[in-house]
Ligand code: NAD
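A single chain, nothing else alongside it, follows as structure tokens in the form predicted on its own.
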Amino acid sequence: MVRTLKHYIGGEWVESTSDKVTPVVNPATCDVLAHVPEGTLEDVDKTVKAAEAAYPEWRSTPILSRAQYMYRYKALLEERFEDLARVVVEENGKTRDEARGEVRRGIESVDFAISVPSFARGYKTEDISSGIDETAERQPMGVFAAITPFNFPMMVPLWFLPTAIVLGNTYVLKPSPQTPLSSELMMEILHDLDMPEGVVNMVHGGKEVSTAVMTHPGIVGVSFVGSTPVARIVYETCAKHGKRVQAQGGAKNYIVVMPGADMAASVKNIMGSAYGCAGQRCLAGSVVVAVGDAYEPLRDELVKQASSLRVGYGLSETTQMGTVISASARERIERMISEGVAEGATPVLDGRGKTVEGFENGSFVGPTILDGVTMDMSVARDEIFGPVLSIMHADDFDEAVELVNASKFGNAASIFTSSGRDAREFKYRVNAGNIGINVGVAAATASFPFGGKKDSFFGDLHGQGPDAIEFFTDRKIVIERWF
């Protein structure tokens, strides 16, 4: 018997009012791990009302007491570390090491939430006028929600939820129906904290439930991570309904390699960037711009190392790259590779049709390298979200920067160089929100905002760091005079 997941509402596990379900499939074994309910408007309303009911008491709970829950939460997450990593592998397809890295980064976000009381201060000016003082007091706002993606099912919810609740808000999580088991386990661990009922809630579902979250009058703000077309819809819908919104969209991250770069270190970093998590992350390097004489040695070494990657089931400790999320994702990625080849790119390493012994029906795509890519090709412009690396050639640094800035996306960009001048010019001139200097994955730590520009981000305040403090609170201005 395959179990059907439940919502987590008001401190209880609650069955959906819908009898429609979607299978949660292990992308390597094709086993059905569970069924997730599609959810209904009634489910969303019940979830939001539970969060609304919990808000007044939670808001009046001292902030240091709220933070204490996160101390205990971190300890429980550490105890269940390997369990969390295993669930990520089984429902997402990552390798064990990648899943462990995701869990570790998620726990770092809980660490940041613990420190929130130190950053949640307002400010005051005495005698702003004769006998009058003026104060800006930071206050929580109510019920916030997150609509989270499949590719980091454990980490991304923790970007938002811990900080929001320590600041005094209550929360609704809507996880991806493709990877809901990580969120379920996180909720089970939260339940063990005996937090007041309704502070944290979870509702399952697809498009209908997401739309209900974006439009529900009881929700004051929404955080989203996903593709650019959906991020734009989330941004527009939430703004139309008077909500705060931060919507992280898609990416096409360029990596520039200069002739003087340390080639061995550069290739090692690029490999991790392009093929880590099977390319299914918004910071994955997807286009390498080789400058001048760096082109041939870089291409040859990339092909050599990528062709030796061990692709397989993520639970095997020897696997270096796992699956993509689903059979439909595999078909889309292979179709985009074929389109690139039809447009003139050369597949110097072709991962289409990849099979793994013992997992012949798994959603595997092998490491792929397309050479001779130009800006008019779809593989240079569009997000593939798979283990596909395109190689372009630029004559000099200025041409490389022009190629990077020509992209409609602005999530991340990296340069590998031994020149301080090139590094400074790159971070000064490139229009991307996360810049890597001799770093392949420019991932902000939890105490810094996760950047994003152009079509990669919609909103004003990013996730994580000081931006999260601003997003989850409002400033009330108090002007006082006493006679």
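All figures in this text were calculated on a predicted structure; none of them were measured in a lab. Quick note: we count residues from 1 along the sequence shown, nothing fancier.
In what follows, reference is made to the form predicted together with nicotinamide-adenine-dinucleotide, a form of this protein that is not presented.
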| item | value |
| --- | --- |
| In the predicted bound form, segment of 350-358, 97-105, 288-296, 148-156 with a heavy atom within 4.5 Å of nicotinamide-adenine-dinucleotide | 148-156 |
| Proximity of Thr417 to nicotinamide-adenine-dinucleotide in the predicted bound form, heavy atoms at 4.5 Å | no |
| is_contact(Ser266, nicotinamide-adenine-dinucleotide) in the predicted bound form, heavy atom dist at most 4.5 Å | no |
| Touches nicotinamide-adenine-dinucleotide in the predicted bound form: Glu197 (any heavy atom, 4.5 Å) | no |
| Contact label in the predicted bound form: Pro162 to nicotinamide-adenine-dinucleotide, heavy atom within 4.5 Å | no |
| Glu301, Glu383, Asp111, Glu334 - the one with a heavy atom within 4.5 Å of nicotinamide-adenine-dinucleotide in the predicted bound form | Glu383 |
| Contact residue in the predicted bound form, from Thr215, Ser227, Gln305, Gln320 (heavy atom within 4.5 Å of nicotinamide-adenine-dinucleotide) | Ser227 |
| Sequence-ordered residues of 462-477 touching nicotinamide-adenine-dinucleotide in the predicted bound form, heavy atom within 4.5 Å | none |
